[in-house]
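The chain below stands alone and is given as structure tokens, in the form predicted alone.
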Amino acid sequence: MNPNKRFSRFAALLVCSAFIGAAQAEDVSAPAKLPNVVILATGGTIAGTGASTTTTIGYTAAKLGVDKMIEGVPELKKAANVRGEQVAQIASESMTNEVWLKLAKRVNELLAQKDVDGVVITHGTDTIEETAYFLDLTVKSKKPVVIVGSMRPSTAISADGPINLYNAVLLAGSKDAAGKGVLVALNDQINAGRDVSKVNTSTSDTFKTPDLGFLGYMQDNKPHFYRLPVRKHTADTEFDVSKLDKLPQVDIVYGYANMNRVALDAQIAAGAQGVVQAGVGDGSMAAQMLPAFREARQKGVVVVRSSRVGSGIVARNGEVNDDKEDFVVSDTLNAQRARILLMLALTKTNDSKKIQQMFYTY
């Protein structure tokens, strides 16, 4: 081979290698593309203000708008491309079915967009667990949905809202959070929306998942998962709220010693299509209450036996002959979650056997 041609080929290879090396170096040094996360605000303590920096009781919830909340955590710009929308401005004890439907529809609209990678919902802590489970059953996407709140108002000397919001945005923008259902993230812990409960009136570590435990931690600016939810959720459920403007009336009857049927009868008279008993122990029914629930079922009202205990399985045919009475048991769902599943179930069927299967599925 001609020495000049050999040299030319060698020089060309050197130039090509240098170009590839430079391109690789440039690619490595380029900043990672940030995810696009939408924050939907509903109010709550995380948007609350107090009279002083030491006011952690007696503050006013739902004062700050979503833009102010985002401005208050400048570090969010490093976590994601963030934008916000104000869906509601309420303390969460005032949450309604109408707000839930509005929220679910908006979440589904956003997650259907290619330029949205995840959604964060700021929320009061009192009913976070209920909103989380409602969305866990009605969101039609595997993209991350994270609900977040705080136990101290934004003006408190040790407000937990900013770090909770920052972690929630990181989580919603993480591919590791996809397909795990609706998540609740506070206090550096990640919980499943189906299972988590508020267990303390005022401390910042109030959210727990009795028996089953939380899913993981937020640490080093990323999620670390150690277990997965196994019940069907989000895109895999049969519930579609896109055309619903209201939900069936379902009420809760709380069990206690020496209880009477006054509340149950009033609920039936007011048009309840379903009732959930938050019974004592394993969902036990008092002798004087069983006839009242039996009459309700005979009128077409679906009766679900749950428990006020806070953890454990309510056994079918355990304390009551559910097959004979045509009742439904809540499995591990507490009364407030059982109410949500029953409302959605009643949009599909009034058949107690089919509804029981739903309670074993979701």
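Numbering starts at 1 and follows the sequence shown. Nothing here was measured: the structure is a model prediction, and the numbers come from that model.
Another form exists, predicted together with D-aspartic acid; not displayed. Remarks below refer to it.
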Among Arg261, Lys232, Lys198, Lys102, which has any heavy atom within 4.5 Å of D-aspartic acid in the predicted bound form? Lys198
Answer with one of Pro223, Pro144, Gly124, Gly161: the residue that has a non-hydrogen atom within 4.5 Å of D-aspartic acid in the predicted bound form. Gly124
Among 292-300, 63-71, 309-317, 43-51, the stretch whose residues bring a heavy atom within 4.5 Å of D-aspartic acid in the predicted bound form is 43-51
Taking D-aspartic acid as it sits in the predicted bound form, is Glu93 in contact with it (heavy atom to heavy atom, 4.5 Å or less)? yes
Taking the shortest heavy atom distance, is Ser150 within 4.5 Å of D-aspartic acid in the predicted bound form? yes
Suppose contact means any heavy atom within 4.5 Å; which members of 300-338 contact D-aspartic acid in the predicted bound form? none
